[in-house]
Ligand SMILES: C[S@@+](CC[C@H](N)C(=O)[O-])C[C@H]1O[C@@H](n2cnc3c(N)ncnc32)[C@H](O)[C@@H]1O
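What follows is one chain in structure tokens, specifically the form predicted on its own.
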Amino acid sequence: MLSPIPREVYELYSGLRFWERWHVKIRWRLCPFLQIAGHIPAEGRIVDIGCGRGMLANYLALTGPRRRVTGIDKQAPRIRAAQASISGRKNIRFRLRDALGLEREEFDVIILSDMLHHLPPPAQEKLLGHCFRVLPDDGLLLLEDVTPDPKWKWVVHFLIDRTLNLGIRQYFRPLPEWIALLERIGFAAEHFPAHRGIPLPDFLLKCRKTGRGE
């Protein structure tokens, strides 16, 4: 397992119900949030798309006072929980918002963590294309998700996600296909394994906007 959730982050969720706090702790252990955070600049405008209850966004704001962090999600209950965690801090905000409404050069860094496999392939491509268009030149996209290899970890992920999202289809791609798609859009993608120490087939792609796009 990855490291437990930092105390300063967990304490932000003290007002949640027991099962919600339990989910916060388990999700932190199963997601490579610290690895993602290691690639985030110490300052700049950062948006976490599909932020859920905002654990990663909160960690980035707490550890980077010069960062301006925004978390967006389309699930109102999770955004309400995230908003309740702000506690008067000025460098973080959470919004109920569609990612396709992001405007050009509104953010320097975009994070897509563990959410693209919930979108059908055309929607994946539409969102990634929009991210490319709205990022400034040399802007950064961090994409963390799961891939079908190694197989046993993919099976574990599939069972966990199906249990939590009963009846909702998932859409996976092999890692080379993700890289090819991003490069076709105009990103230069660098791959980092992110599944060591966890039973899930996570990967991390650090993508720079270098081209003109399609």
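From 1 onward, residues are counted along the sequence shown. Keep in mind it's a predicted model, so treat the numbers as computed, not measured.
The same protein also exists as the form predicted together with this ligand; that form is not shown, yet it is the one meant from here on.
Interface residue among V109, A84, V134, L119, judged by heavy atoms within 4.5 Å of this ligand in the predicted bound form: L119. Per the 4.5 Å heavy atom criterion, this ligand in the predicted bound form is contacted by stretch 25-33, the sole one of 58-66, 175-183, 25-33, 148-156. Taking the partner from elsewhere, G50 is found to have a heavy atom lying within 4.5 Å of this ligand in the predicted bound form. A residue is said to contact a partner when one of its heavy atoms sits within 4.5 Å of a partner heavy atom; R104 fails this definition for this ligand in the predicted bound form, lying far away. Shown alone here, R97 lies within 4.5 Å of this ligand in the predicted bound form, counting heavy atoms only. Proximity of K74 to this ligand in the predicted bound form: non-hydrogen atoms within 4.5 Å are present.
Heavy atoms closer than or equal to 4.5 Å to this ligand in the predicted bound form belong, across 107-135, to the residues S113, D114, M115, H118, L119, ordered by sequence position.
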